[in-house]
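Presented as structure tokens, the chain that follows is alone, the form predicted alone.
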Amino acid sequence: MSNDHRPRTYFDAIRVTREILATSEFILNPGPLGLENRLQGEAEQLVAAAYRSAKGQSISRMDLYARAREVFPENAGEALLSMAALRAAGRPLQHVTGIQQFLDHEYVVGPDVLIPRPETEVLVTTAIRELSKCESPPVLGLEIGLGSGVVSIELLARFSGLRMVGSELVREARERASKNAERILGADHKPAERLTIVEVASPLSVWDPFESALRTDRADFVISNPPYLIRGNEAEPDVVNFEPEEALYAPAEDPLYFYRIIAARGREFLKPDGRVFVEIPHERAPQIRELFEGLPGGGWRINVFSDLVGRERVLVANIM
């Protein structure tokens, strides 16, 4: 769309963006609220992102409508047309806007990390609820696969005395997680001291990064959203085409690989009353449960919790 179509007002900005998105063959899944609401919501997010890109400051949804008849900044209009075109061509919304809301905070994301999803919010809220029941608040947690840092950062924001050690393969993701921690936690929470990021040498490495980082320390819990998709039809096209493979797919020869290794060695890194929190694919929930329950000599007490649509999504394993 040429600059002749550049929106003149905030109202025009939302309308024009919605019209561009409505032509896309890639926005096929309307979600629970329906296609009209999805188009409206994405248009609002793109307008806000274009404004932030041009002005260097955020604008709320309420302010977009409060300024509906005011002139939309010219340079923001140019940015908006480019962003809307990218989204209409199939680029994930979060890659276009550069941000994703996760629980109470806004995270910077990009193509080098898995886009945080509502299912992972269930993982975090389950961990917060279960850890809050303990006699003493957690002191040390381990995260396998840090990504953009949403899991560790939310836990650090909730438990003031907690320190997290997170492993991550991709350098860009490690840098992004560090910046997210600084921005969200703030200097008063000492993010550099409370979040230790350790490099992973191999995509299949699970415990190696923690062996040298912990030495004799033992953690209160381990938490992870490991790669668990099987190649095929288990993901939307925009996920398959744009998100990092190493964060999506389990090894083809062993789809339960990461759960198997976590179950087999998790107790070595935990305190006697420690626990494991993992996000799981509902299609393979029974098999993952059997991995933990079927170890020689036992040792894990299992609970499985469902997501917002009733699918088994989070497994919690307590040391017996």
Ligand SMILES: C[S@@+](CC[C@H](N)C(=O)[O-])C[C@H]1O[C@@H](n2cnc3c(N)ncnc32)[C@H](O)[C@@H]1O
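For clarity, a rigid core is taken as the largest C-alpha set superposing within 1.5 Å between two forms. Note that residue numbering begins at 1 and tracks the sequence as displayed. Since this is a predicted model, take the numbers as computed values, not measurements.
The next section is about a form of this same protein that is not shown, the form predicted together with the ligand.
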{"query": "Heavy atom of each of Pro116, Val151 and Ser167 within 4.5 Å of the ligand in the predicted bound form", "finding": "yes"}
{"query": "Contact segment among 211 to 219, 67 to 75, 80 to 88, 140 to 148, judged by heavy atoms lying within 4.5 Å of the ligand in the predicted bound form", "finding": "140 to 148"}
{"query": "Selected contact from Asn241, Gln101, Ser202, Ser136, since only one has a non-hydrogen atom within 4.5 angstroms of the ligand in the predicted bound form", "finding": "Ser202"}
{"query": "Answer option from Phe292, Tyr51, Phe258, Phe277, heavy atom within 4.5 Å of the ligand in the predicted bound form", "finding": "Phe258"}
{"query": "is_contact(Ala247, the ligand) in the predicted bound form, heavy atom dist at most 4.5 Å", "finding": "yes"}
{"query": "The ligand contact in the predicted bound form: Pro227, any heavy atom under 4.5 Å", "finding": "yes"}
{"query": "Touches the ligand in the predicted bound form: Gln94 (any heavy atom, 4.5 Å)", "finding": "no"}
{"query": "Contact flag, Thr120 vs the ligand in the predicted bound form, heavy atom cut 4.5 Å", "finding": "yes"}
{"query": "Post core alignment: Pro251 C-alpha displaced by 2 Å or more between this form and the one not shown", "finding": "yes"}
